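Take a look at this single chain, the form predicted on its own, given in structure tokens.
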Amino acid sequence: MSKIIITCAITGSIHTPSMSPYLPITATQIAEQSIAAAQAGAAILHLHARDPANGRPSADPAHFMAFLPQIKQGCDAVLNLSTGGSATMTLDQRLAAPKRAAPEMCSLNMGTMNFALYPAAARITDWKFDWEKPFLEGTDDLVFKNTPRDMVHILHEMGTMRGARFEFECYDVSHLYMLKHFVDRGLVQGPLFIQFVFGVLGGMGPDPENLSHMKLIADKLFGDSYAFSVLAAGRHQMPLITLSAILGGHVRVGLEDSLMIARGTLARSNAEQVEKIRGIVEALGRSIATPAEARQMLHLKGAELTAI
């Protein structure tokens, strides 16, 4: 098996500050946790921004640029910026910071979908900020929009114009066929880095059978021109990504995906999750990829060609 890439998703736009005191929301917190995660073994850092005043997901390029240079100076990890942002943002808002930073990698959600977070609101009684509860409860009527036209626009702006490669986020088997459509049109070239996403209400359930099926279909559609990674929400994080490592895939951890380190125990940092999965995959006999090795495996342009 090839070396395993550990991606760490530092903060995301799903969890809110009331869910964990360890969720990084300021530029300093995001930078410090990112650098620590890289030191623990993460080759790729998947990044969103927050408004430091209240922890709300932010698309403001200034909020991104408050921590991106710090991270670049503090470690050699690949910086991967979200183009998904939050389902409440417009496409132009979601792309504002990635266009400004011209990173080596961007995420790309491969379809429009329901993105339901509202069950989490029922588990919280002590709210830190007034935006959190309405934000979560309102997702029972929220659609994340990424039409084929939107995806072509992202591929052009970030790929063709700025040389970024993509973490193709696939929440369902239909997303694999959409990606194949873009490959057939010549808009996407391998090697592909596909992130199978499990456990988000509106996408695939976190069942091992679904992982097996996603790999089966991806093998059929893309042959040896792709690599897959797995992320799973909440308590399903470690079991599903361990299965990914066993099957020859890569793994993603981070407080964007799960706030926990074990049942009933909050993770105190992103690095803690990186250290845990590193121990698991090394015990399985796999070696972790360095940032330089990840760049070579994914054909990235290099940090020196970014605008960070």
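Heads up: residue numbers just count along the shown sequence, starting at 1. Since this is a predicted model, take the numbers as computed values, not measurements.
Only in words, not in the display: the form predicted together with a small molecule, which the text now covers.
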property: Heavy atom within 4.5 Å of the small molecule in the predicted complex - residue from 97, 164, 231, 78; result: 231
property: Of 14, 289, 23, 300, the one that lies within 4.5 Å of the small molecule in the predicted complex (heavy atoms); result: 14
property: 4.5 Å heavy atom contact with the small molecule in the predicted complex for all of 48, 115 and 200; result: yes
property: Among 67-75, 127-135, 222-230, 82-90, the region lying within 4.5 Å of the small molecule in the predicted complex by heavy atom distance; result: 82-90
property: Residue 139 within 4.5 Å of the small molecule in the predicted complex, heavy atoms; result: no
property: Contact of residue 256 with the small molecule in the predicted complex (heavy atom, 4.5 Å); result: yes
property: Residue 104, heavy atom within 4.5 angstroms of the small molecule in the predicted complex; result: no
property: Interface membership of residue 237, the small molecule in the predicted complex, 4.5 Å heavy atom rule; result: no
